[in-house]
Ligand code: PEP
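One chain is shown next in structure tokens, namely the form predicted alone.
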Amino acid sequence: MKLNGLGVSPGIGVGRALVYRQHAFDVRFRVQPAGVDGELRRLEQACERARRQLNDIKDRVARAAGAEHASLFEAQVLMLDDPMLTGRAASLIRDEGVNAEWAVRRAGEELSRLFDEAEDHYLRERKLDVADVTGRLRLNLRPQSGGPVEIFRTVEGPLILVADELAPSLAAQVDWRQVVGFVTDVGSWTYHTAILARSLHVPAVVGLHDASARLAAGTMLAVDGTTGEVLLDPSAEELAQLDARRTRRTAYERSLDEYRQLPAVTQDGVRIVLEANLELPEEAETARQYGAEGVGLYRSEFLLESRGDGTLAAADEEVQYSAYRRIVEAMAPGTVTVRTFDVQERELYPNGLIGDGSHGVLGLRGIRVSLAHRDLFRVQLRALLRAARHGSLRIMFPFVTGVDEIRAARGILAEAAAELRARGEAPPAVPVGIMIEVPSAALTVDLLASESDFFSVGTNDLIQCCLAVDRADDRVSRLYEPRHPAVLRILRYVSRAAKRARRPLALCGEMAADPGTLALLIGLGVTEFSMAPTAVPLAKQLVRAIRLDEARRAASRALRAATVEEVSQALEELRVSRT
């Protein structure tokens, strides 16, 4: 059997399915015989915790409303010893080798079906108690720290992680030596976790709709992150074909090795700056190996730590300072541009102002979160200023929509500097810039230039906002088109406005990772780019094969195009002219 999705990170991964449904905190995996006793202990500990919790609730209700109202919780306590619930869950762990969370869920569903079939109305109503008790048990089975990653580490690999959605903060904590690929129900090429996967060379397929509900834990899966294919229980012949694909892919990547340390200079002598987008401090050395001149975008939100409840907590000042310093020193003498936290508030605070997070990408995120939570923001800025003493560092604010936000952010930066001076530390002057990723910023570059030392175009969000397309929604993600005429025109406007304002302009979205589009961007006047480290050699190959005057002519034709197809034709003519 084969599933087809969108391949977003090339490579082949083969392993057994570990199913994780983030929104329901549903983790399913097969337990090896040696791990059965450990799962039984986890179930017993969860039961004991639930018993203490229910007895406390029962006592509080009895004192407040009388003993008759506390009887409900007495019944729930008794369920914890019911052989049809916890006894059945223990049997599933022993007999079928499933993890405790999965066993509790299945036992609860089986018992609920029995209550559904009962003729007695009272018994049918007990189904709610079953749901309450199983929900409490599953909650108590959650790791007290470290989130689901702690559970993943107990499972023998190699594994393919199957998820409804995989948050970047969780992906950053996974041991990718054990988890050799992942598939998700949602996502796109510019999905942040897909970007991280490409940086880490982890095969990934997204947009599979309901794979996390359909695929059984323990199923052998083969993931091809190039074609988007996911094979279930692949045959020996299919595995051989995948191995041949892997060999060809490796040979292709090696063919680009010669470009790693060559300068990115066009055939007519124009120098192009190619830097790296990083998610993890450890990637700095990889970026240098692939030939990146610096870091054009360090996504600092990957320093956030996952709580057990799925939300995030900011690392303290020392942890952040250490991470920023490591990157700056590793990339010296190159420059490192650190983007301040770009998250939605619900990811930091479970009771945030946007409630259940249904407001999505246009809610309280990026610089808005930092301005709303100034203590957290000052901690990050202090860590950044301290790290700037060890090399060339720039600070970049995300999702800026107007001048007021930059002024407010600069004001907090000044406060952070003053706090360091009060501690006897001398913070250096640090260039401060912004990301252009919403139309309001793109159309007011001349105004923003008075408050910004540099600009960086975040094409992932700019395209999304410009075209009103949620790139993670597979119902419309096909409309997310970097070569849309509107996108090209807004990029030309930003490039010209930045040049008039004499402000450096870079582009750090995934748009630059496509060779054909990179040539178009150079023709539009952009000469600084930041991309996944692994994309740098291919970009150098492209740069060294074109002439600036040819790229400009192709860009001019593309700007007159009315459709995406016509834009692509203009770029095809550029390719043909080079052959």
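Residue positions are given as counts along the sequence shown, with the first one as 1. Note that the structure is a prediction, hence the values are computed from the model and not measured.
Beyond the structure shown, there is the form predicted together with the ligand, which is absent from this document and is the topic of what follows.
The ligand in the predicted bound form comes within 4.5 Å of a heavy atom belonging to Thr459. Interface residue remark: Arg483 is not counted as part of the site for the ligand in the predicted bound form, having no heavy atom within 4.5 Å. Among residues of the shown chain, Arg198 is not one whose heavy atoms approach the ligand to within 4.5 Å in the predicted bound form.
Not displayed here, the ligand is approached by Arg365 to within 4.5 Å at the level of heavy atoms in the predicted bound form. The listed set Glu229, Asp164, Glu293, Asp342 contains one residue whose heavy atoms approach the ligand in the predicted bound form to within 4.5 Å, identified as Asp342. This chain is drawn without the ligand; in the predicted bound form, the residue among Pro203, Gly509, Gly433, Gly187 with a heavy atom within 4.5 Å of it is Gly509.
Residue heavy atoms within 4.5 Å of the ligand in the predicted bound form occur in exactly one stretch of 318 to 326, 92 to 100, 498 to 506, 187 to 195, and that stretch is 187 to 195. Proximity to the ligand in the predicted bound form holds for all of Arg299, Glu437 and Arg471, with the criterion being a heavy atom within 4.5 Å.
The partner is not shown here, and in the predicted bound form the stretch 396 to 427 never reaches within 4.5 angstroms of the ligand through any heavy atom.
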